[in-house]
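Okay, here we've got a single chain as structure tokens, the form predicted on its own, with questions on binding and movement later.
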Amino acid sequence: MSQRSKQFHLNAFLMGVGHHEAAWRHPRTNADDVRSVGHFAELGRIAERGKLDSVFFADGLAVGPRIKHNALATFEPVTLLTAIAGATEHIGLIATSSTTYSDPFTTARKFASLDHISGGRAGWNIVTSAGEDEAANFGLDAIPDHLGRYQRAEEFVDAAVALWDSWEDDAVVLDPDTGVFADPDKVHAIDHAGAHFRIRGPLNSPRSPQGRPLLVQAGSSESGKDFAARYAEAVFTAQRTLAQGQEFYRDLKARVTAHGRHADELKVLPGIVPFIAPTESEARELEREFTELISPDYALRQLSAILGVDLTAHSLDAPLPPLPSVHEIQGNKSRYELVKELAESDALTVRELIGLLGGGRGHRTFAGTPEQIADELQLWFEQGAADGFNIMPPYLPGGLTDFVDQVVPILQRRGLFRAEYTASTLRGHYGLAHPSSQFAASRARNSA
């Protein structure tokens, strides 16, 4: 099947009152919405009106340096998505949870619960947590090393999947006449014993509607791409040019097939921050309004955290100072490389760099008309750089409303995006099969 005869996927990455770091200061937003569950429930309904595949919430485990100048994410995302589940019927619900500062049993249980509550719409964005402030909140003096975090993550996901699989699909009997609640032959201990975890199991939650949640990943380092190729079913990524997107897409799909999976089992979704207006000049003016509201003090602290260099006393009108090698970075290597390459390739001053990063922290920003936004998405999809897109509205709710009401209908008329939901689960939205329990498969082989 050609790319043109296929349709792509759309996820709405929702953050506070918008992805632009100054969104809360702009008159198009209400800053107090960051504390309103009703605000986020309405965003879920807007995304569902546009027939989007899913909504996604990032998460961090520390306040960090931003408290003075930026509106924080207020809610733990699985809890928040449980509320959104009750306000929606179809939209997928993806939450971030760390493998570095949690355990497989707790994580498997909360995502199974979200999947049950939502009727099969849960997804897990797997992160390894790269912030020093996060490490300090869990009794550590430094970030665990990059390779070690991914090794722990691999064992973590293996154990979580085994826990979700520990109940076979038909294990629950619920026969009041015989008094049988569940078939004990179809509920399994996992007896996991590894370098980081020992877990007997089974999970104390029956198999959920999807079997297991959609597995999502966002790291683009070498370790991150290898991890994604083995486990992920959707990848949120950040490339700023079509050529970069095509290179990443080819590389990741090749790694997927090298792991014995079909390339279509993983969906690549680059991020885009769309500023939408009736004319291109109006869209660019809108973007400029937001850029002018950036707090240099906040932006410098954010940039310092990304690059691992203290820039708070550095001149805004000078280029970046010499930066460490990526091999010296234990934090987010892929974001470090993206920002470093952006600054050095265009010889940007620090002021110019923080202006470019203000909209999406390295994700591509695009200011234009609804037709121009649709053209750009179609180009990346048809030229082999994406299976869909991670839409990151710069302000909320208006930026999401504009995309849903103005861009989505264009994509639908072009046959690039669904006009109605055709599946009831998040896996179904992404065209993925219901996974079999590994224990059911093993029992079937043994009885054959």
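Bear in mind that the values here come from a model prediction, so they are computed numbers and not experimental data. From 1 onward, residues are counted along the sequence shown.
One more form of this protein exists, namely the form predicted in complex with another copy of the chain; it is left out here, but the text below deals with it.
S.K.: Taking the partner as it appears in the predicted bound form, which of 164 to 172, 235 to 243, 252 to 260, 143 to 151 has residues with heavy atoms within 4.5 Å of another copy of the chain?
M.R.: Contact criterion met by 164 to 172 only.
S.K.: Does another copy of the chain, in the predicted bound form, lie within 4.5 angstroms of each residue among Ala31, Ala83 and Ile117, using heavy atoms as the measure?
M.R.: Each of the three qualifies.
S.K.: Go through Val180, Ala318, Ala195, Ala347 and name the one with a heavy atom inside 4.5 Å of another copy of the chain in the predicted bound form.
M.R.: Only one listed residue qualifies here, and that residue is Val180.
S.K.: Tell me, which of Gly384, Gly60, Gly398, Pro409 has a heavy atom within 4.5 angstroms of another copy of the chain in the predicted bound form?
M.R.: Of the listed residues, the single hit is Gly60.
S.K.: So, in the predicted bound form, is Val37 in contact with another copy of the chain at a 4.5 angstroms heavy atom limit?
M.R.: Residue-level check for Val37: yes, a contact with another copy of the chain.
S.K.: Is the gap between Ile67 and another copy of the chain in the predicted bound form 4.5 Å or less for some heavy atom pair?
M.R.: Taking the distances in the predicted bound form, the answer for Ile67 is yes, it comes within 4.5 Å of another copy of the chain.
S.K.: Would Phe105 count as a contact of another copy of the chain in the predicted bound form, using a 4.5 angstroms cut-off between non-hydrogen atoms?
M.R.: So Phe105 counts as contacting another copy of the chain.
S.K.: Going by a heavy atom distance of 4.5 Å, is Pro77 a contact of another copy of the chain in the predicted bound form?
M.R.: The answer is yes: Pro77 has a heavy atom within 4.5 Å of another copy of the chain.
S.K.: Enumerate the residues of 194 to 223 that have a non-hydrogen atom within 4.5 Å of another copy of the chain in the predicted bound form, in sequence order, or give none.
M.R.: Residues within 4.5 Å: Arg198, Ile199, Arg200, Gly201, Pro202, Leu203, Asn204, Ser205, Pro206.
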